[in-house]
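Next up: a single chain in structure tokens, the form predicted alone.
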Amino acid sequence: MATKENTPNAALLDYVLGVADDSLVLGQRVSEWLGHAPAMELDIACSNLALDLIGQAQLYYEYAAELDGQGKDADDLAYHRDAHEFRNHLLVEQTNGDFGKTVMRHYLFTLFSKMRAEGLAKSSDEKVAAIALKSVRELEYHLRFSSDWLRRLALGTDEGNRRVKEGLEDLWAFTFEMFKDVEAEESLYEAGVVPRPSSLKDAWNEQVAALLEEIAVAPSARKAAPTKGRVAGHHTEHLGHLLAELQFLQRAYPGLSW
């Protein structure tokens, strides 16, 4: 959904959509493990993670629809926008790969997402603050889950360490996008509505570095990947495939309800 320049709360609408898109896309990625996870325990865990994320997405989409004021609902925003209209970070749309890559992606983004949610929980916008406060509690569990499994895999066997390291190599270049401030959101930063992304970078780097040192894994000096997913809807090819599966039923049968 492209926001019109003269839409009230245009910057906040785009921001809320971006947070919702992050949760929806990552939730869809995690749900792809259902029936395919390495163990029954993980199959159930991935189901819970996906439900948390999709639940968070729904709350943010509902608020975005209210801000938009065009009569849309959460389903419209999730199922009836094309890939170029999504404002999620590129990291969350990357493919699962093996379980080592999946938990590495989940850790890298969840740590950022939790820090962002903690900032949003102090927002001057009461609805943003309420949604974020609820999500912080869920993201704390997500962070424990992903960091614990990184330790199990990377410190358990040489094979596990190799797979975690390869996952980090594939994903690291996409982490830079999370900390880029957006010019159109400057008014939101100044008004205390949302945290400035760059303000989260040092704490994120410090915590990530500590865990990677603990599990004997380190990123290479790869340059940052393109960073236009969040700002301009320029995504990797993976998002289109993900949305084709996610949106198929609603696109095939518009207005379908259970």
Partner chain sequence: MYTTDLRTKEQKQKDQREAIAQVGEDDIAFQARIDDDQFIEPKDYMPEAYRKTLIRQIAQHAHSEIVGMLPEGNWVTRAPSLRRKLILIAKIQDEAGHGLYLYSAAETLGVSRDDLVQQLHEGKAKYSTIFNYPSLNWADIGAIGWLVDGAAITNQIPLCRTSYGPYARAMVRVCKEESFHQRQGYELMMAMAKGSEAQKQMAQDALNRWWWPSLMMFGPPDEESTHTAQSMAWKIKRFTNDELRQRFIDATIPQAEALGLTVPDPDLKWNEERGHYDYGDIDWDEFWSVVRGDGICARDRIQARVKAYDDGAWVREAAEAYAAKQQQSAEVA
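Please read these numbers as outputs of a predicted model, since none were measured by experiment. Residue numbers count along the first chain shown, from 1.
Although it is not shown, the form predicted in complex with its partner chain is what the next lines describe.
Considering 231, 37, 208, 200, which brings a non-hydrogen atom within 4.5 Å of its partner chain in the model of the complex? Only one listed residue qualifies here, and that residue is 37.
Partner-proximal stretch of 125-133, 180-188, 106-114, 159-167 relative to its partner chain in the model of the complex, 4.5 angstroms, heavy atom: Flagged stretch: 159-167.
Using a 4.5 Å heavy atom cut-off, state whether residue 44 contacts its partner chain in the model of the complex. Result yes; residue 44 sits at the interface with its partner chain in the model of the complex.
Is residue 174 close enough to its partner chain in the model of the complex to count, meaning some heavy atom within 4.5 Å? Looking in the model of the complex, residue contacts with its partner chain do not include residue 174, since no heavy atom lies within 4.5 Å.
Would you classify residue 9 as touching its partner chain in the model of the complex, given a 4.5 Å non-hydrogen atom cut-off? Residue-level check for residue 9: no, no contact with its partner chain.
Is residue 78 part of the interface with its partner chain in the model of the complex - any heavy atom within 4.5 Å? Residue-level check for residue 78: yes, a contact with its partner chain.
So which bits of 228-247 sit within 4.5 Å of its partner chain in the model of the complex, heavy atoms only? Read in sequence order, the residues that approach its partner chain (within 4.5 Å, in the model of the complex) are 245, 246.
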